[in-house]
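Quick setup: one chain, the form predicted on its own, written in structure tokens, and binding and motion questions come after.
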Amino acid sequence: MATHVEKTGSSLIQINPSKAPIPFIILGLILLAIGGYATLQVLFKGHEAVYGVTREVPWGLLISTYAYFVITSTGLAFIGGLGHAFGFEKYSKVSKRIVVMAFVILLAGFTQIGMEIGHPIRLMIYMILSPNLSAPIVWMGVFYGIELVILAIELYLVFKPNQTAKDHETAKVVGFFALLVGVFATSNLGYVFGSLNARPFYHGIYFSTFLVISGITAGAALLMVIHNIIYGWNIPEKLNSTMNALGKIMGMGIALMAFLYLWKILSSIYTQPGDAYLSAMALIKGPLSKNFWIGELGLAVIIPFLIIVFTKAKNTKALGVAGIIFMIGLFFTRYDFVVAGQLPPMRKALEGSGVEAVNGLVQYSPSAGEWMIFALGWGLFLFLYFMAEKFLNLETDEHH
């Protein structure tokens, strides 16, 4: 078990003698190498040769992973905003880790969307020169871009030496905008899907709401996981109240997610709005059923919720375990959310149409190349975050 040494200084760089970050730094480098190889494959061979997405299912693993990362980032920014802007001391105690984590995991999300888009540089140029302001996806890019800048400013403020009272006041304002923009960015991401009339499973406000709630839940879960890792599953007593508060956020978030699940599935099955019925049945007893029952409900809802309820969110080790289980299950939640809505074919699978359907649904499974790009995102997050744990002072001073 690793031993964490208290760091009380205010200097930016401070080597953490704990060995806990090292395996994750090495794992991050390995995943980066795998992802780097896949990136070269994409650059030389093209998307079509490397990725498993098709014209029928154009959004696959990379979009799912992008959503997983960026929504978690906004959840972290939301919790950080509660500490910075609204003075919740339990969260401000870990504000440095929140800001670093939110910034790095947002960068990890950008690797996925960057590798998903055929010409990301061209996209950025024309989004500035001739943006289509009526397209929700344009605003998704704008909001997440603004969030990255705000988080960068927060990073500067929390690590600035010799901080003044004015710096703390500025940090409150910036923290508030991080919270606000994060909520707009994630709800707008839900609207990117919700605005699609042609895909009834996505259409409406459900995902704008669900993604914000699940993002905040993910932020709380990831914070509990990371703190358990860094402190060798022996979190200092001074952070018990913080972990307890995060556990309650996570428990309430899971309960709300379950409530929303219930009505989404029921409304899709019994009112059968267009192809939403087919998408729901793909989750319940179709090609995504294992993901749904084991991943979405078992790992992301039932098990972590029971752990939190039975421990009353007071056992920090159990909260760390619940956080890991939830974050694994949440991956299936994001994947199913993106893929399920595309499985009902938009054109009949007639001969010569190019549409291939099995039991009325088109098929998709990620390619090896997509899994390697998935590794790229995780590699970037693990390497950068645990390098920060190893070489930066992430202990928050009392006055934050």
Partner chain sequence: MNEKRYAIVLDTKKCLNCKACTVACRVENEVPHEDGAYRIWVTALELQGKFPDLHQDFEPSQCQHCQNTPCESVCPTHATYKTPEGVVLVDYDKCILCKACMTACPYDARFVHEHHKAIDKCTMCYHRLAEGREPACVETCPTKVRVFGDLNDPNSQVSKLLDTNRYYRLKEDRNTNPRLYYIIK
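Just so it is clear, the model here is predicted, and its values are computed rather than measured. Numbering follows the first chain given and starts at 1.
If you look for the form predicted in complex with the partner chain, you will not find it shown, but the lines that follow are about it.
- Only one of the listed residues (346, 33, 26, 368) places a non-hydrogen atom within 4.5 angstroms of the partner chain in the predicted bound form, and that residue is 346.
- Out of the listed residues 168, 122, 312, 285, 122 is the one that sits within 4.5 Å of the partner chain in the predicted bound form by at least one heavy atom.
- Site residues 116, 198 and 354 are all in contact with the partner chain in the predicted bound form, judged by any heavy atom within 4.5 Å.
- Contact between residue 275 and the partner chain in the predicted bound form is found at the 4.5 Å heavy atom cutoff.
- In the predicted bound form, the partner chain lies within 4.5 Å of some heavy atom of residue 131.
- In the predicted bound form, the partner chain sits beyond 4.5 Å of every heavy atom of residue 358.
- At least one heavy atom of residue 59 is located within 4.5 Å of the partner chain in the predicted bound form.
- In plain terms, the part of the chain that comes close to the partner chain in the predicted bound form, with a heavy atom within 4.5 Å, is 338-346 out of 338-346, 371-379, 65-73, 33-41.
- The gap between the Cα atoms of residue 273 and residue 260 is larger in the predicted bound form, by no less than 3 Å, than in this form.
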